Each structure stands twice: as C-alpha cells, then as structure tokens.
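To begin, one chain is listed below as structure tokens, in the form predicted alone.
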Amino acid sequence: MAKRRVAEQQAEPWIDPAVIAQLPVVAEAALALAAGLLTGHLVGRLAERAIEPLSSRAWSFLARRAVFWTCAAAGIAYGMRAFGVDLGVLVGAAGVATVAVGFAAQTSMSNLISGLFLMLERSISVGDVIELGGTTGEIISIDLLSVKLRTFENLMVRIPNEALVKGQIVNLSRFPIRRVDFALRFSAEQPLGPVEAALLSVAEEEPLVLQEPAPQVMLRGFSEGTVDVQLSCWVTREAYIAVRTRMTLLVLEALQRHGLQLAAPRRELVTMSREPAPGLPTGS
C-alpha cells in the first residue's frame, strides 16, 4: 500500500496542469508585446527618415516617438485581451485618470502645448546656438516638455518650453553671416581720419573678414570730451569667435603702430567743505 502511494506521488506532474494550460496565452501575449515593440522601432525609424527631409528634426523625432508608442500600446492591448481583460473598462478608467492627471499636471500640459507651438513656428532647431535669459548654448534636443542646451562650458541646461514661448530668444546661428562690432573711444582732440584708415586696414588684411558687405567705421556719438567709434565687419557664423578674438589684438597693435591712443577714463572727485554756511551756529 505504501509502495502504491509513493508511485502515485512520483507519477504526479511537477508543473500544475493549470499553469501548463496558460502557457499558450502567456506566449501569445509575449509575442504580441515583442511584435509591437519591434514594429514600433522599425516603422518609427522609417517615419523619421521620411519626415526629416520635409520638416525639422524635432517633427521627425516626434513622429518616431508617436509611432513607437502607438505600436507598443497596440501590442500591450492585444496581450491583455489574450488574458481576457476587458479593454472597455480600462478605457473608461483611463479617461477618468487622464482628467485627474490633467488637473494635477497643468504645468506639464502648458509645456507640451508650448513645445508644439515651437515646432510649428520653427524659429529654432537642433544645432542652433541660442541665447535666453543670460544662458547661451547649442540646442541638442527639442522635446515635448523642454529644450536642452549644451553651453560653451560643456554644461547641459534644461529650459521648459513655456519659458521659450514667453521669453525672448536670440538665435545666434539662424543666418549664415554675422557682424562683428568693435567699440572704441578716443579723445575728441584725436583726428578721425587716421583712426578710420588704421581700423579699415586691419579689416582688409584679415582673410576671414568678408568684403561684401564691406567693413565700415561708424561714429557712434560724443560724451564728455570723447568720441565713440565702432568698427563693423561681416564674417561667417563659424568664424565669428575666431575673428573677434584675433581682431581685438590686431586693432590694438594697429593703433599703437600708427601712434593712436584710446581715451583714458576720467574720474572727478568732488570734496565737500566742512566749514559751516554763513549765519549757522557752530557746535561746541
């Protein structure tokens, strides 16, 4: 009798039959999820490549994300349906949750809408160098909620899209050429003819300075015995920093070579006399 019970125990399967019966369902759900992720990845890449030549990189990136998550959601929904989950109940619950999350995340929704406005306006794109609120950097990504910059110090700065829409953005690389300005101040007694000739010679000898539009020297105004002069020349946006740095030294050398001196800053000190005004009593 004992031998029979041992034989029956040994004959029992080590996996529950109910679990074995559910294996096809689990396999079907896993295949549906894998197919959704793989399809989303491949179709998203194709959508990105198709849209990028026609629009900005931000729109192509958004299209890839939208296609990927749509296919992934379809795979998840099919897998849940294989388990017998009623998707209608989940849709209703998702609607209620969406309303609740919308009230709780008004700032995120504002950034989301602002991000769509930025992509529609196309005033900035990935790779542009912009200035906003004292921060200057290159755009490395335009997302739905924020724009990420890489500063010249190699720091990553995240700016919410709402701040970009409300603020004033200066796009430093929108156009192919930029103007370099050098503000100088001379004494009012200094003849301006030699000053103009010396400054224009520096601009003409610099190979990176464009001759069309031509460099020019402008008189900016007068102030307390001095005259403000500005040298302006045009360069490509890639050569802006190099030309500005090199020409600053060349301008100083040219002025010294021609015997021209910049106006020295003046300071006037006014001292107040401690003698009492006539008719006022003095303290003992």
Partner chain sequence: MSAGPHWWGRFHVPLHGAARWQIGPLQLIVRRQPWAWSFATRSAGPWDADHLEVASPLDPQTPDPPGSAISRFSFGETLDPLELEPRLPDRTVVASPAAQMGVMPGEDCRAFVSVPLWVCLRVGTDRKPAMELPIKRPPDTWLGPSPMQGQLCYGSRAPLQLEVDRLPHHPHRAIIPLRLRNDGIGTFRLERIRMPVPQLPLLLAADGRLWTPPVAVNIERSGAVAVELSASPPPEAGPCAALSPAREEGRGLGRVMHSLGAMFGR
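Computed from a predicted model, the values in this text were never measured in an experiment. Positions refer to the first chain, counted from 1.
There is another form of the same protein, the form predicted together with the partner chain; it is not shown, and what comes next is about it.
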{"query": "The single option of Ile76, Leu116, Ile177, Val165 touching the partner chain in the predicted bound form, heavy atom within 4.5 Å", "finding": "Ile177"}
{"query": "Selected contact from Pro207, Gly133, Gly193, Gly127, since only one has a non-hydrogen atom within 4.5 angstroms of the partner chain in the predicted bound form", "finding": "Pro207"}
{"query": "Among 117 to 125, 152 to 160, 198 to 206, 185 to 193, the region lying within 4.5 Å of the partner chain in the predicted bound form by heavy atom distance", "finding": "198 to 206"}
{"query": "Any non-hydrogen atom of Glu212 within 4.5 angstroms of the partner chain in the predicted bound form", "finding": "yes"}
{"query": "Exercise: Trp234 in contact with the partner chain in the predicted bound form, heavy atom 4.5 Å", "finding": "yes"}
